[in-house]
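In the block that follows, a single chain appears as C-alpha cells, in the form predicted on its own.
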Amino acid sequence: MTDSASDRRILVINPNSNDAVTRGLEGALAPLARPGFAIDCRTLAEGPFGIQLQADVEQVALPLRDLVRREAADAYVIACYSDPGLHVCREATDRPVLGIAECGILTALARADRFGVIAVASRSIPRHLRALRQMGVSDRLAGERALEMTVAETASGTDTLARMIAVGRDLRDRDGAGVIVMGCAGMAVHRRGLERELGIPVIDPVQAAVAMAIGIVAVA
C-alpha cells in the first residue's frame, strides 16, 4: 500500500508469526488506502503462532517495543485484540501507538448503546474484561461470547464465518448488543459477511485503529 517515499506511514504490526493473519489484515485495510498515506502491515517474526494466553501477551511486549524503536513511522497500530505491549511501545516513541481493542471498543460506543464482543476462546475473556474495567466502559458491554477456536482457525478455517454468525446472533438476540466487535485480528476477512447476516454494525478493530491513526496523522 506504499505510494511514494513522501507518504506518511502507518505501520500495522501483527504480533503473532502467522503470515496468513497479516495477509488478511492487508485485504481488510485495502479500503482505507488513500493518497499521501502508506499502510504497511508487518508480521512480528518473534511472536507465537497465535496470541491466546497471558504468557503470549507478555512474550511479545519487548519485541514489539524493539520493532517500534527500529522502524520509523508516523503512527503504529498493534493488531492484536489483547493490545500487547501497548504501554511499553508508547514509552518508546513520541509517535501515536494505537491498540486495536481500545480503538474497536471506542468505535463501537459511537455506533450503539451496548456492544458485544466475539472472542476466539473463553480463556481470552477474563483478559478482555480487565481491559474494559481499565477503560471504564464495562457497563456498556452487552456480553462477550467465544468461538472456541484458535487464532489460525479464525483466519483460515472453513467454518469460521458460520460459527461467528451463530455467536453474533446470540450476542444480538440474547444479550441485546446493538453492535458487534470482532475480538481478534484474524477475523478481519469475515466482517462484511457477518454484518450482512446480522443486520447490525460489525466493527473490525484493525480497520477502526488504522482509521483513527490516519485521522491523527492527517491533522498533526
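When you see a residue number, it is the position in the sequence shown, counting from 1. Since we're looking at a predicted model, the values are computed, not measured.
The protein also exists as the form predicted together with a further copy of the same chain; that form is not presented, and the subsequent description refers to it.
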Counting only heavy atoms and a 4.5 Å cut-off, does a further copy of the same chain in the model of the complex sit next to every one of P35, L53 and R192? yes
Contact between M135 and a further copy of the same chain in the model of the complex at 4.5 Å, heavy atoms? yes
Could you tell me if A61 has a non-hydrogen atom within 4.5 Å of a further copy of the same chain in the model of the complex? yes
Taking heavy atoms only, is N18 within 4.5 angstroms of a further copy of the same chain in the model of the complex? no
Distance check, A72 to a further copy of the same chain in the model of the complex, heavy atom within 4.5 Å: no
Segment that reaches a further copy of the same chain in the model of the complex - one of 163-171, 42-50, 25-33, 182-190, heavy atoms within 4.5 Å: 25-33
Stretch 112-144: residues contacting a further copy of the same chain in the model of the complex, 4.5 Å heavy atom cut-off: D113, R114, R123, P126, L129, R130, R133, Q134, M135, G136, V137, D139, R140
